[in-house]
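Single chain ahead, by itself, as structure tokens, in the form predicted alone.
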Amino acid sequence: MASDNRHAQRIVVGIDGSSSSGHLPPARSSIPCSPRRLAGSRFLGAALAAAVLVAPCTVATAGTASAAVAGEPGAPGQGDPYFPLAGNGGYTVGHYDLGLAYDPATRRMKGDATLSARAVQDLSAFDLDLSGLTVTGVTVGGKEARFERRGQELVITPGRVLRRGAAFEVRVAYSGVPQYVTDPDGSEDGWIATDDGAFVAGEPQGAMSWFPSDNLPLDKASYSFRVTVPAGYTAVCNGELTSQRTRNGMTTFRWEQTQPMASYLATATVGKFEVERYTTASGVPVYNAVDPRESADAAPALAKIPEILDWGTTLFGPYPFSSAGAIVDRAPDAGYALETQSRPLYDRAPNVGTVVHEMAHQWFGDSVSLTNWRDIWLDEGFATYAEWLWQEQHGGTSAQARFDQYYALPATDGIWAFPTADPGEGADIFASPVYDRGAMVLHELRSAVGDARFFNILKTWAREHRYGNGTTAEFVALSERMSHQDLGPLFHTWLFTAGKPARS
């Protein structure tokens, strides 16, 4: 993420134009779940998505030995140190199929979400993260399920216990006027209405403002989107546009994101856009959607996308996704850009440095995602240092000079206020120690191990954790393994200690 106010950074006509509304049967009145909850497991790998789609839903059946299994409710959160209710226990999601209809004039949405999941415990009930909106029906395995709302939690009780290892589908019908989420730093994320549509950016919590999910970066999944909007509007999502069809004054856009994606990186931005499509010389399809009011200012930076992709591939390894591009909206109330997977999202025309930052996130943040929000420097410090490297290698200020400029700041400056690897709960996850001091950490590492080993570390990190997650401890261990050095003092000083470090 790059930012201004954060430091650095109707009826669904079948969702595809048919007459089917996608409504689910009305749910029975809900009942409270047991207070006992067990934590679920982490992401089970990209292969899960395919398995989930074909495996049958297995439940405890009356008259068999399995009928005695009572099951336990999944946990309402995964215990993230900063967002403890983010994510849910008891299951993992392999695929999201999201059908949306949005009317920019009324700001009303109608949604139909199907999640293909797998139970990782004997599961009597489970939660989905969903903020606001009105749920009109829920099914599990095609059977009506009871549900209730508890704050940001949608608590679902299937008719029978889902056995550990069972694949199942949960379908949620919902509607309403989506409302953004206000973060601890006062900024807005999620579904943010604009004067011609919506700016949809989910970091860190906003995915729950527009679709039910397991809203934790650890539980990555593939995505299908079907977004219906009035003719003349464009809906832009992640991945590849597979079809666009106008019927009865409504246009449905279908998008597929086949590579695993964290929920906060999903988007379904709606507006009146100028669309540009081409394929780079290296074979990457590019789809740019630009608000016409930002087009002239955005053009110089967007023209650099093919060069930035090739440059990043040289430094960090193969580009991890099957398409690229940009969404440039006019969203003055947002105040930031976001590395939405495969197609970064900008609230206004970006400069080249911002495009470099968000494109670098495709490797560091999107393909290799954080494990919990304490690890956010692995996203933002890396993307900020990529900006330094781009400038250094394109006739601008050297990374060493940038480091020296920051080091010259007095000990009272905010950059030294807290440890980079533990910014603390609240507003600080988007503050200078995460971005700028995070980049300084990487420059210190580069200085300690030399360029050859440093850039090999970056490539190896991107390769070994491709489509997965990483932690600060894993990055430290990799750096020591590949450099054959004890880097404990360096990381202790620069990552884990507040205050301005002394010169080494």
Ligand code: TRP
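Numbers follow the displayed sequence, beginning with 1. Predicted, not measured: the structure shown is a model, and the values here were computed from it.
Form predicted in complex with tryptophan (TRP): not shown, discussed below.
Would Glu358 count as touching tryptophan (TRP) in the model of the complex under a 4.5 Å heavy atom rule? Yes - in the model of the complex, heavy atoms of Glu358 and tryptophan (TRP) come within 4.5 Å of each other.
Using heavy atoms and a 4.5 Å limit, would one call Gln179 a contact residue for tryptophan (TRP) in the model of the complex? Judged by the heavy-atom cut-off of 4.5 Å, Gln179 is well away from tryptophan (TRP) in the model of the complex.
Would Glu380 show up as a contact with tryptophan (TRP) in the model of the complex if we use heavy atoms at 4.5 Å? Looking in the model of the complex, residue contacts with tryptophan (TRP) include Glu380, since a heavy atom lies within 4.5 Å.
Could you confirm whether Phe147 comes within 4.5 Å of tryptophan (TRP) in the model of the complex, counting heavy atoms only? Residue-level check for Phe147: no, no contact with tryptophan (TRP).
Which listed residue (Val368, Ala198, Leu128, Ala337) meets the criterion of a heavy atom within 4.5 Å of tryptophan (TRP) in the model of the complex? Going through each option in turn, the one that passes is Ala337.
From the list Asp422, Asp183, Asp103, Glu72, which entry has a heavy atom within 4.5 Å of tryptophan (TRP) in the model of the complex? So the residue touching tryptophan (TRP) in the model of the complex, by this definition, is Asp183.
Options 428-436, 389-397, 268-276, 227-235; stretch whose heavy atom lies within 4.5 Å of tryptophan (TRP) in the model of the complex: Contact criterion met by 428-436 only.
Taking only heavy atoms into account, state which residues of 185-206 are within 4.5 Å of tryptophan (TRP) in the model of the complex, ordered by sequence. Those in contact are Asp185, Ser187, Glu203.
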